[in-house]
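The chain that follows stands alone, in the form predicted alone, written as structure tokens.
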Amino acid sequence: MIYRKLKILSREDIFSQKPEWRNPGYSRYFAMYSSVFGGVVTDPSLMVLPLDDHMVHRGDGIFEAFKCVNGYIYNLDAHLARLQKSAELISLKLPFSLSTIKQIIIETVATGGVKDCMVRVFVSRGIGGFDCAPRECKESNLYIIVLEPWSAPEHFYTKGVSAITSKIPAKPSFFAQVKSCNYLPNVLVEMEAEKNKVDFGIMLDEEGYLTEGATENVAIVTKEKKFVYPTFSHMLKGTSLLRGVELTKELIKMGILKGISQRNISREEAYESSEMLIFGTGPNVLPVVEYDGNKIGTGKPGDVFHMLSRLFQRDITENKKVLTPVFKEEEKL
């Protein structure tokens, strides 16, 4: 057997060879906090985590993703509450109290110095080995990454999006409730959608009812003008969907909708709906105009979508109850 003589790299070798996108000013990553090192870095080449972290080699961790708009983090408390719930479900002890985690998030975003960004928070079981059992993990770890905001293409809003029913089965009920780092099924849904040249894939539960997309929730508006969204038995409780439900109540007061219902939704009912909507952290709400090749409603973004989109924008910019200021000048307002 022939062995190649591999070069043993020094620290200088590694940092001299880093790609341009890992350099400050060129990267889409602005700041990262790591409880392993106990601080924040702004050099993208230092934004790393140990390979023997249980989150890396076993998917044993949880996460949340949310956005900061004009210096205000949107819906942060709802995301932290869900983070805590996910931790409880898998018996993962958070490394800090929620209030401390919240403060670390705010300071990390502030260190990044960008008022419009995405924030991802990860909590892992810990580091210490490559076993499946977590006995080597002495304590959980917290990682926070601040990066460029994601925004949907403009035509998603003006012309609408397409979706198909995914062949990837929805996660079993227990695992669907946990926002874990094991997202292999979600990755496959995204790949399937891309392969079929559509924008989104939607999974079904064992009984054939709609659940969720790879990273989004769905809802429909019936011809009777009722807003309907699936039960949470086989899907994650989406923070954007739940905000959408609250905002939808305003449409009832305005007479645009006649009611809200949470129940099972079949594909056939979705095909016949007047509107079909997708909710997510990045886009807020999007109109589905084609599902499984079937035209939804008029085949164009509908009135409920347009109204909800405007209500989301107002919520994100004006509703202080769901906005957390990051920078000192915002705190004085």
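Definition used throughout: the rigid core is the maximal C-alpha set that superposes within 1.5 Å between two forms. Keep in mind the model is a prediction, meaning the values are calculated, not measured. Just count from 1 along the sequence shown to find any residue number.
What comes next is about the form predicted together with a further copy of the same chain, which does not appear here.
Interface membership of Tyr183, defined by any non-hydrogen atom within 4.5 Å of a further copy of the same chain in the predicted bound form, is confirmed. With a 4.5 Å cutoff on heavy atoms, Met55 counts as touching a further copy of the same chain in the predicted bound form.
Using a 4.5 angstroms threshold between heavy atoms, Thr215 counts as touching a further copy of the same chain in the predicted bound form.
A residue is said to contact a partner when one of its heavy atoms sits within 4.5 Å of a partner heavy atom; Thr165 fails this definition for a further copy of the same chain in the predicted bound form, lying far away. Every member of the trio Lys7, Phe96 and Ile127 reaches a further copy of the same chain in the predicted bound form with some non-hydrogen atom inside 4.5 Å. The listed set Asp77, Asp116, Glu139, Glu224 contains one residue whose heavy atoms approach a further copy of the same chain in the predicted bound form to within 4.5 Å, identified as Glu139. Exactly one of the stretches 175 to 183, 227 to 235, 242 to 250, 255 to 263 approaches a further copy of the same chain in the predicted bound form with heavy atoms within 4.5 Å, and it is 175 to 183. In the predicted bound form, a further copy of the same chain lies beyond 4.5 angstroms of every heavy atom of every residue of 250 to 264.
Gln313 is not among the residues whose C-alpha shifts by 2 Å or more between the shown form and the other one once the rigid core is aligned; its shift stays under 2 Å.
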